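Heads up, the chain below is alone and in the form predicted on its own; it's given as structure tokens.
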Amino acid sequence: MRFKTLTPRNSSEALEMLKTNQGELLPVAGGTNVLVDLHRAKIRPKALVDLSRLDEWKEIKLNNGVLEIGSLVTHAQLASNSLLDGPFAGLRTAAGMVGGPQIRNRGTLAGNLQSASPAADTATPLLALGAVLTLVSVSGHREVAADKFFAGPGKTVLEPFELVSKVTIKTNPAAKSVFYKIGKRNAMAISLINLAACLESDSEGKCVNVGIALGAVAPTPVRAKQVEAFLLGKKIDEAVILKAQELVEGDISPISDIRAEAGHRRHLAKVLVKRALQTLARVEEE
């Protein structure tokens, strides 16, 4: 199997190539998903556009209270960067649970997002943290909230002539976040379900800011909006957590597949909601 590969020296060259050959070229960075699809003949592009030389999209930095993550940052870099401590811990944990070491060293954040798998591990923390994706083309750029990026299994709102250049998240030092994943084994497993949550409480322990997202329970990663609305203004105790567990069923629509039954995924969603809220609010079971 042979493919022609174009190697732009910067993002401007890459975007010009995509504009000139709309729909016929396939961008590739880590290649951990793309090469599998090529091998299985699921995709047949005219040529690949190798993005590996676009160093301007490989940085993680804090800029005026906003965390900026270049789209070509690898999962291993995310998992080891100290800027992702504190309120971004959930994203750091998720990046460290993507595939095995080889995948984490090659696979990029944008690659994980653009595959648009409902089970993508890094998607749910970005939804919970209120992240924004910057999409660029030769005509300029546009910003899309992470929870508006996914359009269905394997589908996003990204146009053939666009690339994701970075992901931005406003910092909130008062918030805490977590990520949990359940698979058929402890490592190198696709999520049966995953959940990310971000919570900020006031001096009285009442929830003033919350984001909860789940993966592998709907055609796309989803926000648990009913649960979020219920939690705002409440001090989280066992009764509140019990109600949140009931409400999460209305936020998800899991299917049965080769990895799990829909009913099992509903049960796991309740388990993870409880685990996340107990951890973030430090609620001890009676």
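Worth saying up front: this structure is predicted, and the values here are computed from it rather than measured. Residue positions are given as counts along the sequence shown, with the first one as 1.
One more form of this protein, predicted together with a small molecule, exists but is not displayed; see below.
Comment: the small molecule is not present in this chain, but in the predicted bound form one of Leu38, Leu26, Ile60, Ile255 has a heavy atom within 4.5 Å of it, namely Leu26. Among Ile103, Ala89, Val157, Ala79, the residue placing a heavy atom within 4.5 Å of the small molecule in the predicted bound form is Ile103. The stretch in contact with the small molecule in the predicted bound form, judged by heavy atoms within 4.5 Å, is 103-111, chosen from 167-175, 212-220, 199-207, 103-111. When contacts are defined as a non-hydrogen atom within 4.5 Å, all of Leu72, Ser115 and Lys181 contact the small molecule in the predicted bound form. For the chain shown alone, Ser52 is not a contact residue for the small molecule in the predicted bound form, no non-hydrogen atom being within 4.5 angstroms. Although the partner is absent here, Leu192 sits far enough away that none of its heavy atoms falls within 4.5 Å of the small molecule in the predicted bound form.
Contact annotation for Gly99: at least one heavy atom lies within 4.5 Å of the small molecule in the predicted bound form. Although the partner is absent here, Ala119 lies within 4.5 Å of the small molecule in the predicted bound form, judged by heavy atoms.
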